[in-house]
Every structure is written in structure tokens, then in C-alpha cells.
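Have a look below at one chain only, the form predicted on its own, in C-alpha cells format.
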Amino acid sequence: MDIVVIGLLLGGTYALIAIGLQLQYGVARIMNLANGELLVAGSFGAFWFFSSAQLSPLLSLFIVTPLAFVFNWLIYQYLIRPLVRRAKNRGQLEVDSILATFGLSFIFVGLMTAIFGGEYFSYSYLEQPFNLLNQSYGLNRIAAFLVSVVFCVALYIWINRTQTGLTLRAVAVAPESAGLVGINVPNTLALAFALGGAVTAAGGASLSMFLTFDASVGVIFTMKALIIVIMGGVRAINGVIISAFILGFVETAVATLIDPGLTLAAAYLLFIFILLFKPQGLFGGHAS
């Protein structure tokens, strides 16, 4: 039962992180290799608000998330959009965006290291045990899971039930056709990229409540988010959410039954398996 509950809590947090990359890659068509660094920036933001401003990490979400949205909007406007304009095809855009965001990730790591130093960070918030199904679990993990649930449900409803969400789905499926029916495709792509960065930063702020982190740990979360997105289907939000729980259960089972040091290896093996036998994703990459 421990594996199920811990896997559920971990998978819920992973879902929020992966949806951020899914919005940037599945909708805006930008493979953002600096996604994990944005997560770490969100963690540092929550840490700073808690340690310096004495503000709850949960309340810091109302500051970290919109700041991340604006920051990612600016990144898209001044770094990504010129790449989009000059790209002759999607393949060239993917290569250019991978190279650009790969370099951006090093810039972010360098800046965060210069500001916060190279040591590991953690803080005590909601560390008291919470009894669930006759077992004790950290209240901070449960709080992070609930934050993820709220964000994921809100995003799912917004994307599937609002006009703006419908616009995002149309651009994700057929950007050329979307432009022919009056949709402002460049602004929609910028919105998707900025929203993805904001969601990722919110996930980082939530993770910081129970995770020890440093400026260089972002690459691990970039890979995990990529594994989940590829597994679930590039444009399938419901698939990404389910795949996040699958990865959470796999990592928890490996850590509990075999060795905690093999969780990352298990994630990569799962990724390779999906690429070999189901490259379109478990849900076929269809829009949801």
C-alpha cells in the first residue's frame, strides 16, 4: 500500500511538471531543454519567500507563477519567435530550439549558482506526519499533490471548455489551418509557451516543500518531464497525466523493492521501451 500511496503522491507532482513541457512542446512546438531549470527557479522562489519574507510556499505560488508566466513570455518573444520566423520547416525549428534552450539552461544554472551558491537547499514546512490508510505520510507531500491536482484539473477544464483553450488545441493540431480562420497563431504559441513555464515553476515551488535541490538538478526533471510527455503523447494532456502516475509508481516500486539509486535508471529504461515499441505514445499523441 505504501508503494501505491507514495507513487500516487509523486506522480501527481510529476504531472504538473510534465504538463508544462507538454504545453511548450505539444502546442508551441518548442522542445525546451531549460524546462527543468525553470522548475528549479520556482523552487528557489518558494525557498526565498519562505526563508526571507516568511511567506508560506503555498502563498508564494500566487507570486512565482505569474512572474514565471511573464518571464517565459519574454523568452518566447525575444529568443524563440525569431527562430520560428526563420525556420523553413518544423525539423529546423526543433533543432534550433533544442540548441537555443540547451544554451539557455546553462545560463540559468550559472545565474542561480551565482545568486544562491552551489550547495543544496531544503527547508522545513508541513513536515508533520499525516495519517492516511493507517500509514503516516508527510503533510508537505500531500499538500504538493493537492496543488498539482488543482492546477491539472483547472488546466484540463480551461483547455477543453473555454474558447481560448479551444484556440490552443486548434493551433496544436493544425497551426496553418488555425491561421486561416482568424486565430492569431504567434500570440497563441507565445501564450502556450508562457503558460507552460508558469506551470513548471509552480511545480517547482510545490516540490521544494519536501525535495532537497540545488542549481544544477534541473536536467533530471527535464528528462523526467520529457519521458512523461513522450510516453503519454505529445498533444494528449490526459495521457501526460496518466503517464506521470505510471512513472511515479515505477520509481516508487524500484526505490522500495530494489534500490533507491536505480529510480533514474528505471525511468530511462521505461523511456527506451516506449521509444522502441510505442514511439507515438501510449495514447497515440492525439489531442485531448
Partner chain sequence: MTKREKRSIIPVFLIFASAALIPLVDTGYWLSISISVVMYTVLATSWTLFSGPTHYISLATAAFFGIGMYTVAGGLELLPFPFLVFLAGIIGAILAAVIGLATLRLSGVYFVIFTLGLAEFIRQIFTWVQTTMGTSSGLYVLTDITESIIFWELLALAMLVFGLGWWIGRSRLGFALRIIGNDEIVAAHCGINTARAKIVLFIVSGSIASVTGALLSPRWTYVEPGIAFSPMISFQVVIMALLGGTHRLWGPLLGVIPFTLLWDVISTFFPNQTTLLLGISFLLIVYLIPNGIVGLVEKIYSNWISGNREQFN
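Residue numbers count along the first chain shown, from 1. None of these values were measured; they are calculated from a predicted model.
Below, we turn to the form predicted together with the partner chain, even though it does not appear here.
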property: is_contact(residue 103, the partner chain) in the predicted bound form, heavy atom dist at most 4.5 Å; result: yes
property: Close approach of residue 33 to the partner chain in the predicted bound form, 4.5 Å, heavy atom; result: yes
property: Residue 99 within 4.5 Å of the partner chain in the predicted bound form, heavy atoms; result: yes
property: The partner chain contact at residue 58 in the predicted bound form, heavy atom, 4.5 Å; result: no
property: Candidate stretches 75 to 83, 143 to 151, 166 to 174, 179 to 187, one within 4.5 Å of the partner chain in the predicted bound form by heavy atom; result: 75 to 83
property: Sole residue of 63, 250, 242, 220 within 4.5 Å of the partner chain in the predicted bound form, by heavy atom; result: 220
property: Site check 68, 129 and 201: each within 4.5 Å of the partner chain in the predicted bound form by heavy atom; result: no
property: In the predicted bound form: members of 252 to 277 within 4.5 Å of the partner chain, any heavy atom; result: 258, 259, 261, 262, 263, 264, 265, 268, 271, 272, 275, 276
